[in-house]
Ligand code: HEC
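Okay, here we've got a single chain as structure tokens, the form predicted on its own, with questions on binding and movement later.
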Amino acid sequence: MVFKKMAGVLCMSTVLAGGFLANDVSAANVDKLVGVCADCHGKNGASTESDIPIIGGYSSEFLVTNLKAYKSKDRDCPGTKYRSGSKKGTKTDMCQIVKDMSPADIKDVANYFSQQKFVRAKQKFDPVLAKKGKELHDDLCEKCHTEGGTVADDDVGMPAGQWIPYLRQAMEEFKSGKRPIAKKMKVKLDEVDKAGLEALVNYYGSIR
């Protein structure tokens, strides 16, 4: 009887220890993946590079959707270089970053960055264009990008406070079809000419 009780205790201890170990391994893996992201997107996703988007504070759903699009190559993966870390200066792209990430990895990374603060870029902008951009936003974009594009829970990204050079790139990718776009957004974006796009990115980039 004593032996059976001891065996039961040992068995339970092993199960619990295994659970703690699994959690430790999972946490370590997330830390590693987040560290790779930070080498370009900055600490907690607060990018200081004008061609690299700020991702800290985006919704988990939005981040998962985009990471999956990179993994399936439904979204274009332009080449770039690591901006910091041990691989600083070496070439990479988002398809390379996500290719070995499992669905669980993608979810964990998205959850991590969704819990961070969105730190808006401090940058120069054209106030005249920004005013025109606000009018375009209110007319065409506000329905989905509410409150001037500042709400993460819209699950469509937050253009407000994003880097202007990156916003230009994103708009070009939407226009060219290199980046997946919702039908209703395409209809709206087709109404905007090059000058209008420049006004929009200045408006979003003006928001602090």
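Quick note: we count residues from 1 along the sequence shown, nothing fancier. Here the structure is a predicted model, which is why all the values come from computation and not from measurement.
Here the subject shifts to the form predicted together with the named molecule, a form of this protein not shown in this document.
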request  = Could you work out which of T65, N44, T48, T150 is the residue within 4.5 angstroms of the named molecule in the model of the complex, going by heavy atoms?
outcome  = T65
key: K194: touches the named molecule in the model of the complex, heavy atom cutoff 4.5 angstroms   = no
request  = Look up in the model of the complex whether G161 has a non-hydrogen atom within 4.5 angstroms of the named molecule, and give yes or no.
outcome  = no
query = Do K107 and the named molecule share at least one heavy atom pair within 4.5 Å in the model of the complex?
reply = no
task = Give a yes/no on whether K175 approaches the named molecule to within 4.5 Å in the model of the complex, heavy atoms considered.
result = no
request  = Spell it out for me: taking the named molecule in the model of the complex, does every residue among K88, A130 and I207 have a heavy atom no farther than 4.5 Å from it?
outcome  = no
ask   = Hey, which residues along 98-124 are within 4.5 angstroms of the named molecule in the model of the complex, non-hydrogen atoms only?
value = M101, V109, F113
